[in-house]
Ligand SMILES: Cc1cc2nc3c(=O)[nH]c(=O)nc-3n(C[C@H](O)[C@H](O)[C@H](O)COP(=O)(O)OP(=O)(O)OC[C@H]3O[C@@H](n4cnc5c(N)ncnc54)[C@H](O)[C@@H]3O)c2cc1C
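Just one chain is shown here, as structure tokens, and it is the form predicted alone.
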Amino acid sequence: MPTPGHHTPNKVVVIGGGYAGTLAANHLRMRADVDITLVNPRPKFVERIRLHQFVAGTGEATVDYGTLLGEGIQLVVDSATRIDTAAHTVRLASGRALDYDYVIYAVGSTGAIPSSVPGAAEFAYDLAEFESAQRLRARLEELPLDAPVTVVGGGLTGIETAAELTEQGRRVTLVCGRTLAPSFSASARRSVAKWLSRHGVAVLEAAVVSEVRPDVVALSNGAVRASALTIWAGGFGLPELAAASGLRTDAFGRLLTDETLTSVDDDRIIAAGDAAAPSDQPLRMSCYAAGPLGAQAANTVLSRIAGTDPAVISLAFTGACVSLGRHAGIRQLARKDDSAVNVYVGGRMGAAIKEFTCNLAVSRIRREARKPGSTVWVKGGPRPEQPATAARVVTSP
């Protein structure tokens, strides 16, 4: 393995060019002797937290990597199919293989339409990735404005999608499963429900979709509702690259790591973002956590190159945002452990905070490109200790 000061650069392959991977790649430029390759299936960066806007036609959701990546980072537009840990290569769908000294595993998360719900995989659309959002946007453009649309999922993605579409004049039903905005405080939930009701969204709490057909959704209580288009926004799945590479994952498919984000199976593989499960106690899948985890993963690699002990992760949550169309939003405040407090900011100020947050996610990556090492975040308290190999059922967020 190359050592500090050695003329051979340390080769780091970053798999995944989302919020975590792109920031990690820029952060690695703190050392001049690192050869950085970023592998991503698309030629453009996707602002995932704006996909609901893209679907509704109220905003764009892609950014040119040329404006985001620091000098010297090689972008390879391809998909990783396997990490060959014995040969230290990342195998790509095109047949290429990239040599590495270290891998940053930042593959993110994907949509998850459950196969257990009849018709869902066949007839429902998701908007977790750019390609599925493109298909959904095209389908919406074919539909008359008064065609009934069903959004499945009462979390933040479902709420934002329903709100964006109703503001465009669509007839929207939001099926929540259990509770609307379950991660929010009771007062913030009431505020969201009031906005949706005032704008004509039919909110069905304690309702579960049992079947999706081309023109209706069936609910577990026996009700059947007309639905010309059904959008599935009920949780995320994980790419299977880690498991396909013989690396241990949690029950949900995230790479099992220690508290320095290093794989429990291979100290040359470091995870970041949604695909990381440190000590089998993953942080909430979020853009908020992705940037700091990307910087932390890069720091772990840099520490290993330097021959020093990597730091353990420390990240405090401060809350979450949800947009309600283009002119309202909610900023829910939270304790460091991500549990909501009974304080929120709503209305136009909530919308302004949400927009600032979305812009910040991209500007932070650009700043890291200009000045590697500039990313700062709110540090948290001690994390719960648990063996990384412990079996634990992880439910979809």
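Don't overthink the numbering: it's just position in the shown sequence, from 1. Please read all numbers here as calculations on a predicted model, not as lab measurements.
Another form exists, predicted together with the named molecule; not displayed. Remarks below refer to it.
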- Tell me the stretch among 366-374, 334-342, 35-43, 66-74 that has any heavy atom within 4.5 angstroms of the named molecule in the predicted bound form. 35-43
- Item | Three-residue site G177, V209 and I231 fully in contact with the named molecule in the predicted bound form at 4.5 Å by heavy atom | no
- Message: So the named molecule isn't shown here. In the predicted bound form, which residue out of E205, D84, D265, D78 has a non-hydrogen atom within 4.5 Å of it?
- Response: D78
- Item | the named molecule: the contacting residue among T300, S109, T166, S227 in the predicted bound form [heavy atom, 4.5 Å] | S109
- Wondering, does R29 line up within 4.5 Å of the named molecule in the predicted bound form on heavy atoms? no
- Message: Taking the named molecule as it sits in the predicted bound form, is A56 in contact with it (heavy atom to heavy atom, 4.5 Å or less)?
- Response: no
- Query: So in the predicted bound form, does any heavy atom of I49 sit within 4.5 Å of the named molecule?
  - Reply: yes
- Could you tell me if A128 has a non-hydrogen atom within 4.5 Å of the named molecule in the predicted bound form? yes
- Would you give me the residues of 147-169 that have any heavy atom within 4.5 Å of the named molecule in the predicted bound form, in order from first to last? T157, E160
